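Consider the single chain below, provided in structure tokens and representing the form predicted alone.
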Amino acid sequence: MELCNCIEPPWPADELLMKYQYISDFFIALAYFSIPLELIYFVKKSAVFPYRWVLVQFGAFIVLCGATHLINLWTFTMHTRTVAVVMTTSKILTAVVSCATALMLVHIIPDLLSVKTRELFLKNKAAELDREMGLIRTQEETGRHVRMLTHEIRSTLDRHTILKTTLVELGRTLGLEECALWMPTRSGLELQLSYTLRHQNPVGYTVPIQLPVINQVFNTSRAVKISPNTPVARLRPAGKYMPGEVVAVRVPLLHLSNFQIHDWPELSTKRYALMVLMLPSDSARQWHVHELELVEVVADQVAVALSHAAILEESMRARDLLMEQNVALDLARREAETAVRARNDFLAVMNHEMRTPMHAIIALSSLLQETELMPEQRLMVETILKSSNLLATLINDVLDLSRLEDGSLQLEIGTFSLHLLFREALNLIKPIASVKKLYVTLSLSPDLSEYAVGDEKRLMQILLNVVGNAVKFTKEGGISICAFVAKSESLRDPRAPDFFPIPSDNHFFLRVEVKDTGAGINPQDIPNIFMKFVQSQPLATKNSGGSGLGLAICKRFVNLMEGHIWIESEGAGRGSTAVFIVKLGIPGRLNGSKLPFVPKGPGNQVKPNFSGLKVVVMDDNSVGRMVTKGLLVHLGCDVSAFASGEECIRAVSHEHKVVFLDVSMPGVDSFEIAVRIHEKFSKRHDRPIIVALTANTDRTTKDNCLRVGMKGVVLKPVSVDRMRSVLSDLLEHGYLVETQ
């Protein structure tokens, strides 16, 4: 075995050095790549860390350095031994330091994040909190100013005070140099300078509403900065100064759809006023956001206050107008009442004054008619009676119409014989129809009640008026009267949509149809037939007489009886049919039917004899006293006539059976005389029957007569037949049946 005397070299071989460099470059590259990742993590977690761009730049530098070492793994070349040793040593040291740095950052970064960044975060948060507190304080200040302004604005409801207060308070709160309000003109085409703070420009200056700057402000609810050189912002006289910033805001105005303020235009929902605010001149002050918000809120508050003021102003104006109208209406009502009273007083006087001579004419004519007369004389007397009765009917119609129109006429409800009423009407009409050779027929339905509850007198008046008209305007043929209970389906009439009859168990509706073969009526004249003083019949029949009041009165009586009346005709010469429906009660089912019903007899064919009947007549009018005495003497009575109440009271004795008192004597209380006559006799059966003889037709007179114990009221004029009927009732029943 051969011994080797080789000595180990003190340095590694070249291949080993290359291997150490290779390993060192790998670890250097690994460390260089890990350090940027850690820095990126640090930057991401430290949101408030400053100089992030430096860390990013440093990370990029390290990455590039690591990339060069990574590239060296594929670019190794042989060097001199000394260079190789130096490079190996430096790379080993670099690898150790790089790896140590990378490992150290893993522990340092959490500490940095928890210490340095927290302090900076707190500082930033504190600054942000300061800004928020400042904003809150600004908002509170703005809110305080808004509340103050709102209180000042709402403290009054006068619109002029509201607007002036708004300008003054805004000027004081915001330190304005000028503040102005432009209102739309009545035409709505211009804005007029209406209010200013400093009064530097004359009020009344106008600008067109279509200016671009005005449209810009009107199109938004926010306050808008505008140029100081615009027409609406020229609020100061021209001069050498730098104008301050100007803002403008719209003020919505109330929509006046149902009323109009006396000096404001009629506004729509898109009409606005314009408020312009200017900061002091020659200053660097600018508008802040909270100041603009204050202006916007105040503009809205002004709009609300103006709407309230407008409503109050209009309501006050409407109230004043209503008060004026009420005063005028009250004055008109009093004048109308005075006119109605004057008319009624006039009619009452005329009624009394006309009935008194009519009483003499009809009474004496009826007396004359019962004497022996030549045919010519009898014809003249009958003509006088006919004309007198026509005049009396006209007087009654005028009085009835007057009382119907002023509402003073009331129905006199009582139980009566319905069948007897139709037969009496037929008996009254037949003689008149027979003169004209006309037939009159009456048809009563089997289901028509014998008795009814209602106003017998007014129902008779309606029937006689309607049938009388048919007779009057019929030359040949006749008249047929048909009465029956109206069924539910026949109650409604399309010509009267307001007529709503409602049947009940206590009432029924009587339907009466009067058909004639007379002159007929033109269809165009039918709507006017029930008007006052209207006669729509052909001229050929106008000589039949009449005032044109009959049907007008009938219509009003029918309305009082909750009914309806109308006329049907196919035209002139074809006749006509008058139809009326009235509401009547069923006896025994109404409180009003408790009045005693006394049936009227058919009338004696033999005239009653009143011979020896002692009667007293008191009337201050000599003609009336003479006429009444003549009627009674003609009937066989023993009459004592007196002109004064004292004479009458002294003369009345138990032998006198009937006393006729004129209750319309001036200066004499006839009611007191009746009471004193009753007091004169202690025993009731010794008292005479006292009857009022009067020309007054009002209900009050009748009620007063019955109140003092009189047994009836006889209305002038009185004929012989009427007086005969009165005496018969008094002797048979002790009172006048129709009066009760």
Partner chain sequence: MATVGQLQKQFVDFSTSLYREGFLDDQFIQLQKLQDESNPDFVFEVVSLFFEDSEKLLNNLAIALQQQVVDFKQVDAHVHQFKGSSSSIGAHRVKNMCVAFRNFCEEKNLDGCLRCLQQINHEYCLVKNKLENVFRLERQILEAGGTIPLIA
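What you see is a predicted model; the values in this text were computed from it and never measured. Positions refer to the first chain, counted from 1.
Heads up, the form predicted in complex with the partner chain isn't pictured, but that's what we're talking about next.
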>> Taking 4.5 angstroms as the heavy atom distance cut-off, pick the stretch from 363-371, 342-350, 510-518, 323-331 that is near the partner chain in the predicted complex.
In response: 363-371
>> Taking the partner chain as it sits in the predicted complex, is S449 near enough to touch it, meaning that at least one heavy atom pair lies within 4.5 angstroms?
In response: no
> Any of the heavy atoms of H634 lying within 4.5 Å of the partner chain in the predicted complex?
Replying inline: yes
>> Using a 4.5 angstroms cut-off on non-hydrogen atoms, would S283 count as touching the partner chain in the predicted complex?
In response: no
>> Can you tell me whether G630 touches the partner chain? I mean in the predicted complex, with a 4.5 angstroms heavy atom cut-off.
In response: yes
>> So the partner chain isn't shown here. In the predicted complex, which residue out of N559, Q192, T196, N621 has a non-hydrogen atom within 4.5 Å of it?
In response: N621
> Using a 4.5 Å cut on heavy atoms, which of M626, I649, C482, L391 is close to the partner chain in the predicted complex?
Replying inline: M626
> If we check the partner chain in the predicted complex, which of the residues in 504-518 reach within 4.5 angstroms of it by a non-hydrogen atom?
Replying inline: none
